[in-house]
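This text opens with one protein chain seen in two forms, each one given by itself as structure tokens under the names structure 1 and structure 2.
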Structure 1
Amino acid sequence: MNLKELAAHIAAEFQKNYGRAPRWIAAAPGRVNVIGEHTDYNDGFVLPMAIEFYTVMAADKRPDGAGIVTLRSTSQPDTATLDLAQTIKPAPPKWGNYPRGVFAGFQARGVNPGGLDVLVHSTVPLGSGLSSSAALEVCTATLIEAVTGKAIDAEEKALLAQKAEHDFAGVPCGIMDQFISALGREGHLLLLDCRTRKTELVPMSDPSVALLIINTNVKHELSGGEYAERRAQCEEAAAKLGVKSLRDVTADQLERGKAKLSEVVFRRARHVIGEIERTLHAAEGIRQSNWPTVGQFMYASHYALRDDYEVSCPELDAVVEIAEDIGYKGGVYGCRMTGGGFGGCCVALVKADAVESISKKIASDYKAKTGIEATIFSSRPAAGATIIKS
């Protein structure tokens, strides 16, 4: 469904839920990260794009005028409610904590949108590493902008959404997902310097290539704690090497400081330092439409995530191996896991005219290897969050 269709869909669903038409509608996309994984919380570079899958929210003032927000979702059985007169804190149901955290962020800034009836609908696959949570947070913030009629700076909006994830979902994530959901631009990847927060839009509109997203349809539950552990290991490496973050360390410096680090922490740092370099090289490759080079950096990224950072899993590795087997001749330039890891999706850079044959081959070989059906789709780089009805 495109955005227009989605807006019509949620308006109809809102009518069914609340018995009247919505006054406001907002949307925010999920994302796929082309390269630059586990670098954002190390002050490094990332290169994501927004995808044509969105969270949309429709809202209207409550008819009774109470300062209560009711949040319903088309995919969740439980309704979330929050009282704007109280300090907003985390509370069940779990899914409601993402919007709740964003309302809390506005509350902390003294912004009160007034009581609302809200409905959420999402086409971003949940829990698949495509940032469904960032899309929900950024969409909530965009909806509040629509309701209050006051836009906030997109960067501030992304940071507010990230804080919601930290404080209300307990995930110490970096800034990539919320930034791309807020700042994505149609036809472009976003090269984001996570230290200075400087952004560069990198055009990606060559019709001869496409990005395929391959959902392994597995999610390994250990991911929450593993993410925080990786982050802590990176901080340990930086502290032992006497720098603020791994952004400040070159590959040579890491080699020279090897004795100061445990074997595991050394490998974690090696991934991060190499990945920051790879991201800059890949961005340059994309600017020059040098697709074979970009593909090689994507494979190298995957190997480092698998071997040094240890955030891959057999199903993600299986997809990358199948992509390698299809190879350049079959139309695949490169492939890697994308997002936090331990399941979720791979992203592959492929020749546009081979999308169908490659998708079929990956689906059948993946099923044969793992017994699981993959979900495969392609997306062009989409625009970031937007107010559809104000």
Structure 2
Amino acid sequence: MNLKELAAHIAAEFQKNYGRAPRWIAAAPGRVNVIGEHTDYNDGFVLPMAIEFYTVMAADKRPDGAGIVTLRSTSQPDTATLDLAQTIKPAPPKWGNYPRGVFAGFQARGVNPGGLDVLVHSTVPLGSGLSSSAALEVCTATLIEAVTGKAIDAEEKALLAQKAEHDFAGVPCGIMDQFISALGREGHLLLLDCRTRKTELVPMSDPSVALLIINTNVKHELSGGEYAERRAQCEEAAAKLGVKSLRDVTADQLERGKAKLSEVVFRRARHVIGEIERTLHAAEGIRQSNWPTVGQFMYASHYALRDDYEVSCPELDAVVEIAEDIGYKGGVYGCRMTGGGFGGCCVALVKADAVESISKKIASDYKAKTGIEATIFSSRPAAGATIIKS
């Protein structure tokens, strides 16, 4: 569904739930990271895009005038409530803590939207690494802006949403997901410098290409704290090389300092330093519509994530191998895992007129290799958070 259809759908659902029409409707998109993986906590660059899958929220003032917010979801059985007269704290149900944290962020700024009845609906696939949580947070903030008429700076909104995830959901996420959901623009990717928070819109309006998102429908449960371990290894490399973060190290400097690092820590650093460089080169390739070059950087990113960073898995590797087999002649420029790893999604840069044939081929070959059905969809770069009805 496009945004107009989603707005009509949630308005009808709100009417069913609350017996009246909503006064406000807001939306915020999920995202896919085109390139720049595990660079964010190393002060590097990322290149995400907003996708055409959204969280939408509809709201109206409570008829009884009470300062209570009631949050219902079309996909969750439990209702969340919060009292705006009290200090807002985390509470069950779990899903309600994402919007709860955003209301708390506005409360801390002295902004009170008053009692509301709210309904949430999302087309962002849950648990697929496409940032359904950031979409929910940024959508909540955008809804509060609509209700109060008090807009805040888009960057401040993204940081408020990130803080909500840290403090209320207990997830120490970086800034990428909230930034692209808040600042995304149709037909553009967002080059984000995670050190300075400086953003640059990178046009991607060439109708001859599209991005395919292939959900492996696999998430490997890991017991060894792999993410924390990777982060610690990066910090160890930076300390031994005498810099604040791996952002400050060139490939030559890493090579010269190789003797100071264990073999594993060297490989972790090699991925990060290479990935920061690949991300900047890929952004330049996209600006010039040099799709074969962008595709090669995507493949190189995947190999480094697989071999040096060791965060891939057999299912992600299978998708990339299938994409390589289809190749440039079959319409695939490049493919890589996207997100934290160990499952989730791959992203492929493909010729727009071959989307259907490529999707069918990947789906059938992936099923044959793994026995698992993949979920595949294409997206153009979508708009960021928006108020649909105010």
Ligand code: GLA
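One-based numbering along structure 1's sequence throughout. Just so you know, these numbers come straight off a predicted model, no measurement behind them. Between two forms, the rigid core is defined as the largest C-alpha subset superposing within 1.5 Å.
Both panels show the same chain in isolation, but it is structure 2 that comes from the form predicted on its own. D153: CA moves less than 2 Å between the two structures after rigid-core fitting. Relative to the superposed core, W95 undergoes a Cα shift smaller than 2 Å between the two structures. Superposed on the core, the two forms differ at K258: its CA moves 2 Å or more between the two structures. Summarising the core-aligned comparison between the two structures, the C-alpha atom of A232 is found to shift 3.7 Å.
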